[in-house]
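One chain comes next, on its own, written out as structure tokens in the form predicted alone.
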Amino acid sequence: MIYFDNAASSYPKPESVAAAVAFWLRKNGANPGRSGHRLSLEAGELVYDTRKMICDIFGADEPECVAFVPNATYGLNMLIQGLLHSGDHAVTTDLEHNSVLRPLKLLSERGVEFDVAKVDLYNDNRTVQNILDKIKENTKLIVCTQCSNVCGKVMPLRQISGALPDSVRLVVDGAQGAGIVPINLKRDGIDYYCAPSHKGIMGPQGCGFVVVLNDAPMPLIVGGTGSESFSLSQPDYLPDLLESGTLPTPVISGMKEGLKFIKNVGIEKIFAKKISLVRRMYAELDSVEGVIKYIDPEKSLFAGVACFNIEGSHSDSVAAYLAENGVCVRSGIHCAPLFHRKMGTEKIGMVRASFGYYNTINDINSFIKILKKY
């Protein structure tokens, strides 16, 4: 099998990730932060250590600013819905996932305005200016992906944040960038960042995190936190404000091992490898008859994702053929409708091959041989 669907979920995982999840399921089923016995304290220590590791890798100071959430979609909803109110305005881009677009659309029915700025795939200065041109007096948030889930375009986040007025906050969707594209939240001026465990971080599915470096959003849900239990109001301090209910300790243990893995390898090395694989894939696609390429990876930074079509075929048909021949890719719209409208592929979608740390040049060579027989 050739697994080129890492933008959906990374596979295979490091062995240490599976071992950590199994260990916590077998040896410690306690609830972190709820009891004073040894098992609960050990679980709480694991959770705290994982917060610290996230701060270390992504450039934040206080572990308390890291809140665990079920997934990146939940985290984005919590930030967008928790920070925007009737009368506010937000700006997003035409590369965004529906995890950004749908919350904004929902809020537009409740008195929040939003505009979409065009991303120039090869001119970051123009992209930044397009965002600035959309800002109004009541603009509160810019919501922007770190890295496109369809084409892999790496966004100029530091350039964007440095150009924003002081009153405008930057929310970054790190679903495709976390663990892949180097970032330092404080240095790069990121106010809010969210990411899942199961993609570039190489952890299991079922958990994600948000990093809050500015005013805290209102929580999506409230309930048991293990703190301030006599109060009927949610605690007003982080991370308790944003964490109601039992945390998934076994999944967090796997996330921690994934974080260790990418730290030991080095995000810069991972980033360089994924850029290299993308460039090799596009170069090899030139040898496939009827291939349609949408991106030139020599003109800008595109990390980990290659998208294409075969002339005369729907992307689903190509993906089905590849699946029958042991290749895992994704086809269709990829939950990013504005990007497909931008590229003129809203009717046929695209075939997306997304690379993980364990993919090799040999995988690409084998893939091309299979694709040539389509």
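We number the residues from 1 along the sequence you see. For clarity, every value in this text was computed on a predicted model and none was experimentally measured.
The following text describes the form predicted together with a further copy of the same chain, which does not appear among the structures shown.
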Checklist entry - If we take heavy atoms and a 4.5 Å cut-off, which stretch out of 156 to 164, 239 to 247, 179 to 187, 262 to 270 is in contact with a further copy of the same chain in the predicted complex? => result 239 to 247
Checklist entry - Of these, 343, 55, 310, 30, which has a heavy atom no more than 4.5 Å from a further copy of the same chain in the predicted complex? => result 30
Checklist entry - Which one, 337, 44, 59, 63, lies within 4.5 Å of a further copy of the same chain in the predicted complex by heavy atoms? => result 337
Checklist entry - So, in the predicted complex, is residue 19 in contact with a further copy of the same chain at a 4.5 angstroms heavy atom limit? => result yes
Checklist entry - Closest heavy atom of residue 112 to a further copy of the same chain in the predicted complex, within 4.5 Å or not? => result no
Next on the checklist: Can you work out whether residue 106 and a further copy of the same chain are in contact in the predicted complex, taking contact to mean some heavy atom pair no more than 4.5 Å apart?
Outcome noted: yes
Item to check | residue 358 within 4.5 Å of a further copy of the same chain in the predicted complex, heavy atoms | outcome: no
Item to check | All of 3, 73 and 251 with a heavy atom within 4.5 Å of a further copy of the same chain in the predicted complex | outcome: yes
Checklist outcome for this item: When a further copy of the same chain is considered in the predicted complex, the residues of 150 to 177 having a heavy atom within 4.5 Å of it are none
